[in-house]
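A single chain, nothing else alongside it, follows as structure tokens in the form predicted alone.
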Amino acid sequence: MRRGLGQRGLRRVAALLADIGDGARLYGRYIALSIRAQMQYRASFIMLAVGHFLSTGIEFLGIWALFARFGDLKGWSLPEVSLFYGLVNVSFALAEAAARGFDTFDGLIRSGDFDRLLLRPRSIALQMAGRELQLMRIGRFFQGLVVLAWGAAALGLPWTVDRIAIALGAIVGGAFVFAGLFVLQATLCFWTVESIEIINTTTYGGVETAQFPLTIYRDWFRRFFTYLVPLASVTYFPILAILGRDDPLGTPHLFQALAPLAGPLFFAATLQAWRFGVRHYHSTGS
């Protein structure tokens, strides 16, 4: 009996791994087709990427002007804040490029085109993620990477293996958080049809928020971006671990290093909400 249960469990795991591998191959094809289409107009792609690089660079000039006027921000220096800025912008660029399809989901609902996706024997979430890959976001990605590298160099941080691991975990975790927010925004469209702009306060507004240390905000605001939308878990806490700086909020180093795991967990939770929305979706009839 136990042997039979164990064999069934192994078969289920094998089937799950096969589905994941099949989905990854399909998503890779989506990406390849999107890149091929966008590279048909290389001059346009280059100009858009440069435009994103310059526009986000102007945002950092505003932060530089703030520190040039006041010197520091509650004990945080410009190079330290540059780590926040660089890390969150790299994460957001990855999420915006990979999950852009969810950000434009309200148009599919209004037009009734979402019904066509339901007829295809593939994961709906995978189809949405592969609908639109925006290569021009590479401008924001490299601009954030440049600022991140400058901040680390200005602080004289040696990039040890543990620091690199924490930084990569924070970037990936941050991408998961922002992708989850796009998924959550799309999920609400099942009931509201139109995209709710208040969600943008946690996506695009969340980028602005996470560019600065958590300690400068009020207590209720810190709780919101720690427990409900875990942006602090993928920016503030891992950067404390990278800097080796004590947390005024009292969190230990191990917690800070492992905090980016909240990103994939948050994304998994939003996917469950998405599946709930799909199950309760009523066709437009158009």
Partner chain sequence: MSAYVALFKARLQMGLQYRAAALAGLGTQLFWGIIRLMIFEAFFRSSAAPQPITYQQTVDYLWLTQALLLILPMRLEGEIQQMIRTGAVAYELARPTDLYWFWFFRSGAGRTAALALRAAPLYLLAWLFLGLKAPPSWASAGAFLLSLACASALGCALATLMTISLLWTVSGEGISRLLNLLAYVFSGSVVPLPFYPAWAQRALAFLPFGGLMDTPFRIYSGHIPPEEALGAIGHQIVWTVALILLGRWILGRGLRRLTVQGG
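Numbering follows the first chain given and starts at 1. Note that the structure is a prediction, hence the values are computed from the model and not measured.
The following text describes the form predicted together with the partner chain, which does not appear among the structures shown.
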**Asked** For this chain shown on its own, do 59, 67 and 200 all sit within 4.5 Å of the partner chain in the model of the complex, going by heavy atoms?
**Response** yes
**Item:** residue 217: touches the partner chain in the model of the complex, heavy atom cutoff 4.5 angstroms
**Value:** yes
**Request:** Although the partner chain is absent from this view, report whether residue 84 comes within 4.5 Å of it in the model of the complex, heavy atoms only.
**Result:** no
**Request:** Please check if residue 204 has a heavy atom lying within 4.5 Å of any heavy atom of the partner chain in the model of the complex.
**Result:** yes
**Message:** So in the model of the complex, is the partner chain close enough to residue 209 to count as touching (4.5 Å, heavy atoms)?
**Reply:** yes
**Prompt:** Ok, 73, 154, 165, 145: which has a heavy atom sitting within 4.5 Å of the partner chain in the model of the complex?
**Reply:** 73
